[in-house]
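Coming up is one lone chain in structure tokens, specifically the form predicted alone.
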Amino acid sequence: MNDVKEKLVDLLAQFTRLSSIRLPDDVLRKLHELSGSETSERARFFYDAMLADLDMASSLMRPCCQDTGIIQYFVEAGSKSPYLDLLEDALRQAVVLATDRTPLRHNCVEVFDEKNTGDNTGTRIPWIDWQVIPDNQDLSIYIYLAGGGCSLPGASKVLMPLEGYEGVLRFVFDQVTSYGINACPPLLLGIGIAGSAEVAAKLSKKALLRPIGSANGNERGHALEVKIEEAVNAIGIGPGGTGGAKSLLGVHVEQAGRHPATLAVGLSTACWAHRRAHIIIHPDLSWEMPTHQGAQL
């Protein structure tokens, strides 16, 4: 079993390392699309710099941003996976290895002690969100590197129901216009709508894991996504906050049933270097990465 665990740790370390270097295919396509449609010379300069950075990161196998974030994993674990008992410790060991090999910047600071741990692990870090999938043998793992800038606009709030979805829109605008520039636009906005602040916040983060351009399954939910995207783009924040035709990679809304007396909204933002990745690990340790076609680990 030790040999199996070592292979699992190494695979997860390589997965974590790659996520800091190469953006997912859909994000890269969107950046090219935004660059190609931009009319501002200054905005095009910023897109050229972003794309050049990504090329250098790939050729040098170094992180595409110096802020490699706090590492978060979202695990959909098959109830029959042979690696369930090993996974939590394997993910922690993988973070330590990836921090050394890549290298990743040391970003985990212990609350109250105010001390950097030096290896990107710490109290409840890497953060691991668990969901058990019945009658399944695979491990489906998403990683998200939550940088300081892109985390800054994050917030959640419980609204009075009478504020309605216009209140949701107002909340998002207040956050994006106050802190959006700090999050390195163009941004991806993840929005959660639920009955309590913590559920809305969690859904907003999970919304960032969806493919760029995917739509909310509810017709009105998708209409809200479109409305917010059009409205924020009209502000003209642009790449790097210097002005431009488009300011967003997209808007993703996720929802959960709410209490009649509450309407909670959560917002999470991702920067232009949206470092998310998805790996599916089978019982024989073979794997696939839907977000990064042709990836080698």
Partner chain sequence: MSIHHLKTPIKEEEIRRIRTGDLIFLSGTLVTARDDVHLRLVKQQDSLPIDLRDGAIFHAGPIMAASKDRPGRYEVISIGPTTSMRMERYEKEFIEQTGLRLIVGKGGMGRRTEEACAAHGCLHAVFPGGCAVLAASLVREVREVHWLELGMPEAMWVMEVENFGPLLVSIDAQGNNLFEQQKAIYNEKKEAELRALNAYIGEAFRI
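These numbers were taken from a predicted model, which means no experiment stands behind them. Positions refer to the first chain, counted from 1.
Quick note: we don't show the form predicted together with the partner chain, though the next part is all about it.
A.B. asks: Just to confirm, A256 within 4.5 Å of the partner chain in the predicted bound form by heavy atoms?
C.D. replies: Outside the cut-off, so no.
A.B. asks: Hey, in the predicted bound form, is D129 touching the partner chain, heavy atoms inside 4.5 Å?
C.D. replies: It does not: once the partner chain is placed as it appears in the predicted bound form, D129 has no heavy atom within 4.5 Å of it.
A.B. asks: Answer with yes or no whether A57 is in contact with the partner chain in the predicted bound form, where contact means some heavy atom within 4.5 Å.
C.D. replies: Yes, A57 is a contact residue.
A.B. asks: Can you work out whether E166 and the partner chain are in contact in the predicted bound form, taking contact to mean some heavy atom pair no more than 4.5 Å apart?
C.D. replies: Result yes; E166 sits at the interface with the partner chain in the predicted bound form.
A.B. asks: What is the one choice in L97, A223, A77, L86 with a heavy atom within 4.5 Å of the partner chain in the predicted bound form?
C.D. replies: Of L97, A223, A77, L86, the residue with a heavy atom within 4.5 Å of the partner chain in the predicted bound form is A223.
A.B. asks: Tell me, which of V27, I237, A264, V251 has a heavy atom within 4.5 angstroms of the partner chain in the predicted bound form?
C.D. replies: Contact with the partner chain in the predicted bound form is made by I237 alone.
A.B. asks: Counting only non-hydrogen atoms, which stretch in 101 to 109, 86 to 94, 206 to 214, 137 to 145 is within 4.5 Å of the partner chain in the predicted bound form?
C.D. replies: Flagged stretch: 101 to 109.
A.B. asks: With the partner left out here, which residues of 23 to 48 have a non-hydrogen atom within 4.5 Å of the partner chain in the predicted bound form?
C.D. replies: In sequence order, E41, R42, F45, F46 come within 4.5 Å of the partner.
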